[in-house]
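Next up: a single chain in structure tokens, the form predicted alone.
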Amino acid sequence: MDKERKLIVAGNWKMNKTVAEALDLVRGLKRELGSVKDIDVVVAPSFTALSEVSKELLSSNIRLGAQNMSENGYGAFTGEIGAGQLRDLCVRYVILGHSERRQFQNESDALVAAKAKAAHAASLIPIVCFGELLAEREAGTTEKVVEAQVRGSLAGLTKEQVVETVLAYEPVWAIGTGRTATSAQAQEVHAFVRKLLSTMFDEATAKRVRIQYGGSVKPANAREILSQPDVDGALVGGAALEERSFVEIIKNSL
């Protein structure tokens, strides 16, 4: 697939897999995807499996991601995990502002921005998520909602940091529901976000930022969605939990 920005496909395993199950899955992915160089492949296991999966991926082209991190460094923050601790496990990417955290942990755009700044300070690449609810799409406010989230979640980042940030558009109504935005709907929002980035920063910066689509991505729809000019990859949920489906998404994207 000919793109000026390298595709990135990340598997968000959410709260699934024991350590043994995680290792079994990642070993299968290594066998199947060992020769893939044209796409950045990332897996984001639960925190409990990061250490063992990290060891398994050391000699691999698959990169390790975490599903969240604190905006704070070391200190008295019970139950939190800091960027330095993730770096110690050779984590390269961290998912921030996922809709489930926004919904269930009440994470705000300002908090996501603080986490993104902390990630960059530790040389981690944040995957910053945003997206509208079904009611917001039906009300015709998708662009308004998306703009507020993108502006808020990237507040305070420099041009250089934004280029090293991955954005992930995930329409909340399409996450784990089996419903998927059409390729045209995905492209429309991605193009809107790229235009927004050009006003927030500049056109050259906007052209370099990778924007993933997340929302019930499957082998059957991956090629069509990822072939859109402003869609630079996928943030995969359920289909990332099974070796065959995740591998097929990658291979259908080449």
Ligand code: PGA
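All of these numbers come straight from a predicted model, not from anything done at the bench. Note that residue numbering follows the sequence shown and begins at 1.
Quick note: we don't show the form predicted together with this ligand, though the next part is all about it.
Ala113 falls outside the set of residues with a heavy atom inside 4.5 Å of this ligand in the predicted complex. Residue contact with this ligand in the predicted complex: Ala186 places no heavy atom within 4.5 Å of it. Put simply, Pro45 is far from this ligand in the predicted complex: not one heavy atom of it is within 4.5 Å. Not displayed here, this ligand is kept clear of Asp109 by more than 4.5 Å at the level of heavy atoms in the predicted complex. No residue in the set Gly65, Leu86 and Ala119 has a non-hydrogen atom no more than 4.5 Å from this ligand in the predicted complex. Heavy atoms within 4.5 Å of this ligand in the predicted complex belong, among the stretches 189 to 197, 29 to 37, 216 to 224, 203 to 211, to residues of 216 to 224.
For the partner-free chain shown, Ala174, Ile175, Gly176 of 173 to 191 come within 4.5 angstroms of this ligand in the predicted complex, judged by any non-hydrogen atom.
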